[in-house]
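Take a look at this one chain, the form predicted alone, written out in structure tokens.
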Amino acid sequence: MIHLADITKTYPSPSGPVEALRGVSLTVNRGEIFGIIGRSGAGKSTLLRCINMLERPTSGKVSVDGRELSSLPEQAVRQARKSIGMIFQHFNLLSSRSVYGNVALPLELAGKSRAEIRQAVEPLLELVGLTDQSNRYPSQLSGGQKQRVGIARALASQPQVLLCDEATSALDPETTKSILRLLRDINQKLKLTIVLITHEMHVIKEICERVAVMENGAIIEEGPVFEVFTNPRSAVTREFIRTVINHDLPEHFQDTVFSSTPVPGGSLLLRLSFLGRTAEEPVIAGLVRRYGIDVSILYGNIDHIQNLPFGTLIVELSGDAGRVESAMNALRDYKLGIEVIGYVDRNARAAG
């Protein structure tokens, strides 16, 4: 549906050219919800605005629904842009217009009749849950209601693509959830392709099917959300994931020096990732019964990503070295994610 090929964007500045985008290539499939996450200044907003050509790339190609927008003259781009809706962090509503009037605006600009406008606007207000608010003005609405107006307005021209520019950043957590549920509902009912940018990983976790992580104008990691969450490759991605899934060691281990080889009388620390059905199996209890080792759970959490259970545990294994090694082999047979944190002298830790 959306294809970006080697996109660059360079801005002039007094100190020389600034590269906002550096060779970005990306494909968004028809009907999916695709997330782009990055810190401030990573280039994600610029990339989003290149999709609808509000920013023309310095080089590279932008194609939407098989049409290369980057090669079109400005008038043709304006026409093509009608099939790409956009919602914003700060809503961008006209304070002098009612809810109905804000949603109707793009249709009025397109020269539609009053009957055509009413026929389009009323179902949209029902879709976003604002039928009873149609005569109110933005100053009388909550932040969530304002964003619902923005969504309805973006849908008025019946776009095939909806771009969301930090659409929930100005909202409280509960309102954010309701807006994300609405976007998912719209995606399913209208078969709309949605691209959203955010700096909040919980938004990606909640709604997106695939995600791209940006840093310094480039995509540093991309893939299905479940895979990126359970097997992050970059430090930036791990930092984002840490905001929703804790991978940190318990505090009393923060200053511990770990050995890469067994320590006499010591213990082994592991970080385990349980994917899918293994998150619901009594793996640890089985190790204790079968191998007679001591297993201490130092941290544990089970979450759901894309409706699949995902568990993380930090465990300490101690006992006979041969039995610990056999337990490790059993864990590998379960096809868990296993990260060896290291070996530690239990007596030294207890003394510390």
Ligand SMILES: Nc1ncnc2c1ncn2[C@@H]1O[C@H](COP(=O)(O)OP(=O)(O)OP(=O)(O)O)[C@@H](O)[C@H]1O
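The numbering used is simple: start at 1 and walk along the sequence shown. Bear in mind the structure is a predicted one, so any value in this text is a computation, not a measurement.
Below, we turn to the form predicted together with the named molecule, even though it does not appear here.
- Distance criterion of 4.5 Å from any heavy atom to the named molecule in the model of the complex singles out Gly41 from the list Gly41, Gly300, Gly292, Gly322.
- At the 4.5 Å threshold, heavy atoms of Val18 reach the named molecule in the model of the complex.
- In the model of the complex, the named molecule sits beyond 4.5 Å of every heavy atom of Glu227.
- Contact check for Thr58: no non-hydrogen atom falls within 4.5 Å of the named molecule in the model of the complex.
- Heavy atoms of Glu200 never reach within 4.5 Å of the named molecule in the model of the complex, leaving it off the interface.
- In plain terms, the part of the chain that comes close to the named molecule in the model of the complex, with a heavy atom within 4.5 Å, is 41-49 out of 41-49, 58-66, 304-312, 25-33.
- Shown here without the named molecule, the chain has no residue in 148-165 lying with a heavy atom within 4.5 Å of that partner in the model of the complex.
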